[in-house]
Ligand SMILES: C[S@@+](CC[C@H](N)C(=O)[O-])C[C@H]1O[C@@H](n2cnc3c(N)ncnc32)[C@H](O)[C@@H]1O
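The form predicted alone is given below as one chain in C-alpha cells.
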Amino acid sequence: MTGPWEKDPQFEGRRQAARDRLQEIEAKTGKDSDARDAFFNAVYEQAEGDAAAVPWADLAPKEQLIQWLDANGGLDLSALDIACGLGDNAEALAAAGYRTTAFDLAEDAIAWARKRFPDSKVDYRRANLFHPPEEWFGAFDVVNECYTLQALPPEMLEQTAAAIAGFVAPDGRLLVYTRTRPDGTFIDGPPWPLEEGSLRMFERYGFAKESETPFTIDRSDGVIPHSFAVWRKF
C-alpha cells in the first residue's frame, strides 16, 4: 500500500513529533471515557489540517478491508463505518456499492472527511458510539470497526463491543480490525491491543466467526501483531 510518507519525505518525521505531543496530551487527560473523548477531539483540533498529526490516519483504506470488499460488493446493502476519522475506509465501502453512513466523535474529523471527499456518497455524521441515533440499532448489513475497541480502556471493552454489535442487522457482517497481544500480557495503553482470547467476545452477542486473518505491521518502533476478522450475526 502506498502511504503518504512515500509522497512526502517529511511526513514520518512530523508523525513521530505528533506522537510525542500526543503522549503529553494523554498524560494530562487520563484514561477514562470522558478523558478519551477529550483526547480524540484534541488530536483533530491540534492537527491543523496535517494528517501526519493523526497517528491512525494512513490516507488510504486498510488493505484487508479492500480485499474483503473485492469479494463482497454491497449493491442495495447498507454499511456503517465506526469512528471514521478522515474517511478512507468509509469511502472504500461506498465505492464497493454500499449505502454508507460514517460517524466520528470529533466534529473536526467529520469536517475534514467532508472536505477531503466533497463529492462523496457517504453520509458523514458527528455521533457518539454510546449514544447513537435510535434508528441505527440493528440497521446495517455491514459494520466496519477499525481500532475502536483498542482505543478505549480495557474496563470499557464489553461496553464498547456491545455498542458496536448493536448496529448489525440480522444476518449482517461485522468487520473487526485491531492490534492483538498474547493472553495475560500487560500493556499500559493507550492503545490497548486486544488479548487473543478477547477476539471471541462477539460470540456472546449472537455472532459466529466467518474468517480471521492474523497479520503484522512493521514500523520503526517494532512489529505489531494485528487481526482482521469477519463476524456474521445470526
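Please read all numbers here as calculations on a predicted model, not as lab measurements. Numbers follow the displayed sequence, beginning with 1.
Omitted from view is the form predicted together with this ligand, to which the following refers.
Interface residue among 95, 139, 157, 105, judged by heavy atoms within 4.5 Å of this ligand in the predicted complex: 105. Only one of 152, 143, 113, 122 lies close to this ligand in the predicted complex, with a heavy atom inside 4.5 Å, and it is 152. For the three residues 161, 178 and 205, a heavy atom within 4.5 Å of this ligand turns up in the predicted complex in no case.
Considering this ligand in the predicted complex, the lone stretch of 197 to 205, 63 to 71, 37 to 45, 165 to 173 in range is 37 to 45 [heavy atom distance within 4.5 Å]. Using a 4.5 angstroms threshold between heavy atoms, residue 80 stays clear of this ligand in the predicted complex. Contact annotation: residue 147 falls within 4.5 Å of this ligand in the predicted complex, judged by heavy atom distances. For the chain shown alone, residue 89 is a contact residue for this ligand in the predicted complex, at least one non-hydrogen atom being within 4.5 angstroms.
Residues of 110 to 140 placing a heavy atom within 4.5 Å of this ligand in the predicted complex, in sequence order: 127, 128, 129, 130.
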